[in-house]
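For reference, the chain that follows is the form predicted on its own, supplied as structure tokens.
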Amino acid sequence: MKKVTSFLGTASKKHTLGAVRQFVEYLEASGDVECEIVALSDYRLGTCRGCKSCFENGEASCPLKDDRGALIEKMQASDGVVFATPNYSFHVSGLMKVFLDRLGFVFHRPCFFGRTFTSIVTQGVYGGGQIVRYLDFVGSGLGFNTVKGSCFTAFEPMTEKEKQSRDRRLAEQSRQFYERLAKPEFPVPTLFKFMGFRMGRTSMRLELDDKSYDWRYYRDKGWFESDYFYPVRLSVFKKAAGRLFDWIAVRTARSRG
């Protein structure tokens, strides 16, 4: 049985919740999937102060004592995760953005490898496609295997034609999500992801030291010596590209002094 958790970035019970419920219905109909919808509005989330303590000293040192840990535990206990938000002022909702900011340290120390991610965005007019691309990038940055998200445009009340169009797209998105859940958990990374890892870890190794929690985390994970975040078989081309990316990172670090 696969566990999928959807995080709802709005307190409204309208379009976004309706889209998530329809996605969940399709997903559970595929079989062997248990779903939960988590409304972020039901949890206490403080606004990040930008102190960077989570980067330097670990997330436990964060001065905000809220429900972030409980939400992360739900993500860690899930095989699949969905971020759902309305388009507010041409971006994710404030509630969703506060949550993403509280996950900032995970972009430094990604930990959701082997899990599947997608996004759902609802809007009345325009701009949601950019939000989908942003959330898909966020999912990859957190370590997830990302399935392209969807954006749905409709006014209140939604017409029958709009609902049918939404449901067709959600059916296809849920199918792709289910297939990704069933595939090997640790795929060969794309060249872009591979480059991000090699250059990021090499820069961290050269520019930080054991005073930094980030540095110690990479050391303890063995990432300073590994080919990637997790064991993977690389082609001859990617092995050569990895050495090139390391070299570029070294040159860049030296240029910064």
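Heads up: residue numbers just count along the shown sequence, starting at 1. Note that the coordinates shown come from a computational prediction; the quantities given were computed from them, not determined experimentally.
Only in words, not in the display: the form predicted in complex with a small molecule, which the text now covers.
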property	result
Of 88, 99, 134, 105, the one that lies within 4.5 Å of the small molecule in the predicted bound form (heavy atoms)	88
Residue 187: touches the small molecule in the predicted bound form, heavy atom cutoff 4.5 angstroms	no
Residue 122, heavy atom within 4.5 angstroms of the small molecule in the predicted bound form	yes
Residue 14, heavy atom within 4.5 angstroms of the small molecule in the predicted bound form	yes
Residue contact check: residue 126 to the small molecule in the predicted bound form, 4.5 Å heavy atom	yes
Per-stretch contact check against the small molecule in the predicted bound form, the hit in 166-174, 139-147, 71-79, 88-96 (non-hydrogen atom, 4.5 angstroms)	88-96
